[in-house]
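Take a look at this single chain in structure tokens; it is the form predicted alone.
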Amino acid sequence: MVTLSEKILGAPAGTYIDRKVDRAFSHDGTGIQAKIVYDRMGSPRLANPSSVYIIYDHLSPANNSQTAELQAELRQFSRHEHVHFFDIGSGICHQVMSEGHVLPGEIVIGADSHSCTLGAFGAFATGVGASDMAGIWVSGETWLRVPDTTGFILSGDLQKGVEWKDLALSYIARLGMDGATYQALEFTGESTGTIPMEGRLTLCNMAVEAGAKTGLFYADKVTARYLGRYNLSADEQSPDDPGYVREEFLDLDDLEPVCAVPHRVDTIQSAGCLAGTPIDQVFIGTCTNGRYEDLARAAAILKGKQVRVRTIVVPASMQDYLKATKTGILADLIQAGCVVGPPGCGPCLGAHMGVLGEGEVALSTANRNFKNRMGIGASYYLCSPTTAAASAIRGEITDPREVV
């Protein structure tokens, strides 16, 4: 009776351990904070530069001169220490790391709360603060308490107009925002083999919104095919009668398009019940739903139509951006009236390229709708790319099943 977290970390739940870190990544915000701590430590030698990644995504390109100066400082550090460095336009750290940099069974630590995204590969992936990241740079290790695990057993198939984001919001609503604090969430069951990698990334990305330490899928044929695109191979993993502290059963056939309403991720209503709610802005992107497949679903709805509210689209990575360009998806979005930004976080954190004004309402494919997050005095509903695109056409929240 061993969970995937226990297998990877090599100890039973509740045990405090020290472990070598296989991948350690930071972005432009936390990277400079980690460097400040690192400098106070006397700038010692990095234990394993090849395991360190710096990825510019949060304020990318720089939004003011102070940001530019800090980014210049971190660039210099990255070059001097010979770490993996991804400059502006490369994309969101979690998505960049998912593009051939993480393997099943690895321990992956990111200086960002949504680092749990990478558990989609059967890795133990979690977030830490900047000072912890500085410690990892110097020691190559970190400490953890092996988490208990809640198992989500999935059955059935998604219906028309329903997406993996709807499943993510639904399981968070079931658990509550602190219902899985310092636990791992494992996604298993007969339906997991049908979930594509972008869906797994979305589901693991939002595990932290229920307080979880990480979310995980067992590596399988879907994982192997995806990693094969990057000429990587990986052993498959399988459940070994895992000892869950809680089991939740979800039938995908029963799900419907939903929105998280202001200002809590765990408070949802069906898109149909919210239909007619006026919105000022639609945002399609982020580490939750800015991948090529997300953009493609939105473009399929918007092609040949015109949006009625300002609609911002930000691809999650340069790879997604290039593929959307080559396939004509970006052209469809632009012709529909969308504004396309450079790969990165965009307005998600309320600091750049699409912040809302007081009293405005947005519909977003992001993972958080906390009060004042994306604009002081604004309100934000969270939804899937399909719901976002359908709503952009009408200028109000719309059940996508009326459009697709």
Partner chain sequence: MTSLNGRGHAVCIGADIDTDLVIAGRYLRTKDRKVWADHVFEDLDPGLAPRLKGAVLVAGKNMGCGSSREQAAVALREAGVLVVIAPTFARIFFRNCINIGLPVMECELRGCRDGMTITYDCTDGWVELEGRRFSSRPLSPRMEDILASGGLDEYWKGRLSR
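Positions refer to the first chain, counted from 1. The model shown is predicted, which means the values in this text are computed figures rather than measured ones.
The protein also exists as the form predicted together with its partner chain; that form is not presented, and the subsequent description refers to it.
A.B. asks: Heavy atom within 4.5 Å of its partner chain in the model of the complex: which of Gly135, Pro104, Gly199, Gly161 fits that? Just give me the one.
C.D. replies: Looking at the other structure, the residue within range turns out to be Gly135.
A.B. asks: To verify the annotation, which of these, Ala275, Leu144, Ala224, Ala296, has a non-hydrogen atom within 4.5 Å of its partner chain in the model of the complex?
C.D. replies: Looking at Ala275, Leu144, Ala224, Ala296 one by one, just Leu144 meets the 4.5 Å heavy-atom criterion.
A.B. asks: Which of these stretches, 238 to 246, 109 to 117, 149 to 157, 316 to 324, has heavy atoms within 4.5 Å of its partner chain in the model of the complex?
C.D. replies: Selected range: 109 to 117.
A.B. asks: Would you classify Val37 as touching its partner chain in the model of the complex, given a 4.5 Å non-hydrogen atom cut-off?
C.D. replies: Result yes; Val37 sits at the interface with its partner chain in the model of the complex.
A.B. asks: Would Leu70 count as a contact of its partner chain in the model of the complex, using a 4.5 angstroms cut-off between non-hydrogen atoms?
C.D. replies: Flag for Leu70 set to yes.
A.B. asks: Quick one: does Leu59 come within 4.5 Å of its partner chain in the model of the complex, counting heavy atoms only?
C.D. replies: Because a heavy atom of Leu59 falls inside 4.5 Å of its partner chain in the model of the complex, the answer is yes.
A.B. asks: Answer with yes or no whether Val128 is in contact with its partner chain in the model of the complex, where contact means some heavy atom within 4.5 Å.
C.D. replies: Close contact exists here: in the model of the complex, Val128 approaches its partner chain to within 4.5 Å, heavy atoms only.
A.B. asks: Scan 252 to 284 and write down, in order along the chain, each residue with a heavy atom lying within 4.5 Å of its partner chain in the model of the complex.
C.D. replies: Sequence-ordered list has one entry, Arg264.
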